[in-house]
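Coming up are structure 1 and structure 2: the same protein chain in two forms, each one given alone as structure tokens.
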Structure 1
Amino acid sequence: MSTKTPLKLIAVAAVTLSAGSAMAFEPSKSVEFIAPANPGGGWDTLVRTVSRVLQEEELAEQNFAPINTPGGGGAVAWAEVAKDEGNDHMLFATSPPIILVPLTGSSRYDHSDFTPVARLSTDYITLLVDADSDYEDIDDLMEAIRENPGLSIGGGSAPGSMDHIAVAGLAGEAGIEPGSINYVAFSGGGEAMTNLMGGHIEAVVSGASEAVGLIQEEEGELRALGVSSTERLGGELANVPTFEEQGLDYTFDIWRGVMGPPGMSDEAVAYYESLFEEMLETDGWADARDRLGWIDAYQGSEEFGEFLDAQADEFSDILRELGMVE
């Protein structure tokens, strides 16, 4: 699975070669910026937002061309990028599925096959119940699950993917066997929410930014029992306590970042790193970020790489407890 060694070798080679010349990298043609999904989803939004901000703020000479390569929850795009070793003019949007999809066996390539470039932003998960429900806080819900493990919790993605992992991890922290959670997979967050509103399921796990409109103080149909951040979020979510506040030592990040093909040159990585760091400081980005409910969470290439490895360990532990990996 892992091609870490060759990657390192190439990196070392690149460093040795470029030592002395210290040539700075600049894209010489437009950069292919791949969203490994159809238009409209999270990756697509990231790719289009970033390339638009880069263009509007005139940060890069070359165009960052958004390209959609859908299929297999990302696997089709990853297979293509993995073949393009050493291409300094290709990037792709990434988030937890780059770790989860390979772990559950649908992709031959995993995060260690690619070059981490930068983490840009993050979102958090929240647990929603109907506004009329008896569950007032996360303890109420966890207590109810403890009594009745058949209690159905919906999410917008398949078992073993982000929503499931998030709620399973939370349950584990509350002392409930993660595998006993009755996670019901819907074909999208919206479908899960309508089922919650209709009383067909007890709770829904969702990205916090997606839930904003549904939990407004008086008109809201739903109630959020907590968010997976370390500090309270802003705006409509300011009144929602974190899980940590409620005594569960649990956080979960829906991070979003950018990666490149295997063996991307150090110069190129350095160029993109600083480009994105600069971009995060612009007003154009701040505006888009706030509208989309993202929170800045920049990490450079090296730090992002270590973070990804740590995430992979954490996720595979949860998946093992769920019995979804050997």
Structure 2
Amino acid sequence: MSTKTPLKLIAVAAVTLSAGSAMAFEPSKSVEFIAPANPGGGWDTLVRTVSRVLQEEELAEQNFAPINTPGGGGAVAWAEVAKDEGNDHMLFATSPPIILVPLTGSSRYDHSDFTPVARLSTDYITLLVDADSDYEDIDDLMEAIRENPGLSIGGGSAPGSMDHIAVAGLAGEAGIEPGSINYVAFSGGGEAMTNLMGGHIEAVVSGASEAVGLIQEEEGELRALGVSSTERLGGELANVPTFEEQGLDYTFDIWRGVMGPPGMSDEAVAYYESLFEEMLETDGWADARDRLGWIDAYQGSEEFGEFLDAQADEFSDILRELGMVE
């Protein structure tokens, strides 16, 4: 009896081994994990939290190195990432500005120019004032704006982007012309809060997670007037009432996720998808999520990409209604 292996079986085995090897991607060096803003904002919080949990839970052999690339409400970072086509060792944090900033013409790159990797969580907005402010609730602030439309509301994203849209929508629900809001854009949430504490602006619209360290405690430097969730959040934000509780039928959520450069390999996408899905099941992530007031909202690459396309359609309609785009 012949002991030779048929050539056909050898060929099949070779193809199988080749496919298996191709799927076995793992980073061979440190992964650049970009926050498209200054330290202290929502993107920065996401990047540093994810990097820390991955390390503490020993989920990845290579380091995920946080890098801040501020400017243009995200546009500066996106332009840099777009140049690195096919780089499997680069990721960036993303949220609604990846849709909104390009729609208002402030970036030549939009979500379709990058590789969706995974959506991780949902956050909500909060409206912050100085701890010593006379405004006790959201109605106090809205009434002050009615009397003095020039009062400035700061945010960490560009005009026409996430923070602006959020506060404009809230004002509209309160009976104030959305386009009349004096929105002041800063390069990140951290800078916006610094200006609030310095008395340069009246209030700040911010992701709730960005404000956790500065509110709630007796010695806190800022005070939250409300959150845009349907129910009160837990953790450090448990005592902050929703806008709905205060008579304004208004909610707004801030999804947060991860994208890569254009042309990222399918193998790298599959690796990162699996990594982040596993991370969301760890105690380290649960602790951070609950402390920051985030809610898990995982989507893999394909589903996340479809979600981004739908968001683009939805935000186009909103901006048009607010007179911010034609």
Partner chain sequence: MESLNNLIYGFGIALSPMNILYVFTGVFAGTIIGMLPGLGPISALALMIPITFAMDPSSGLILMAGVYYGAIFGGSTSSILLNAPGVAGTVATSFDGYPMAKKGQAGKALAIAAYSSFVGGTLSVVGLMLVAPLLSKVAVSFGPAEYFSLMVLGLTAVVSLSDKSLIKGLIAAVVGIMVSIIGIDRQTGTERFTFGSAHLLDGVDFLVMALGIFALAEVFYMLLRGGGGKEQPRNAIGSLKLTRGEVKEIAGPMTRGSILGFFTGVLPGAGATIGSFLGYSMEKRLAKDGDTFGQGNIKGVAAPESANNAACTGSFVPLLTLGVPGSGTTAVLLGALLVMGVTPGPAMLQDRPDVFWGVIASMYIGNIFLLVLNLPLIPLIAKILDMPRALLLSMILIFCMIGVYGLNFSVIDLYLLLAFGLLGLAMRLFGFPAAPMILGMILGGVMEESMRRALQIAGGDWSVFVDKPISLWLLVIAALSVFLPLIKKAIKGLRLRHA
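Throughout, residue numbering runs from 1 along the sequence of structure 1. Heads up, when I say rigid core I mean the largest set of C-alphas that superpose within 1.5 Å between the two forms. Treat the numbers as computed from the prediction; the structure is a model and nothing was measured.
Here the chain coming from the form predicted on its own is structure 2, while structure 1 comes from the other form. In the core-superposed comparison between structure 1 and structure 2, the C-alpha atom of R256 has shifted by less than 2 angstroms. Put the two forms on the same core and the Cα of A203 is off by 2 Å or more between structure 1 and structure 2. Shown in the overlay between structure 1 and structure 2, fitted on the rigid core, is a CA shift at G234 of 2 Å or greater. In the rigid-core superposition between structure 1 and structure 2, residue position I165 carries a C-alpha shift of 3.3 Å. Core superposition places the C-alpha of G156 7.0 Å apart between structure 1 and structure 2.
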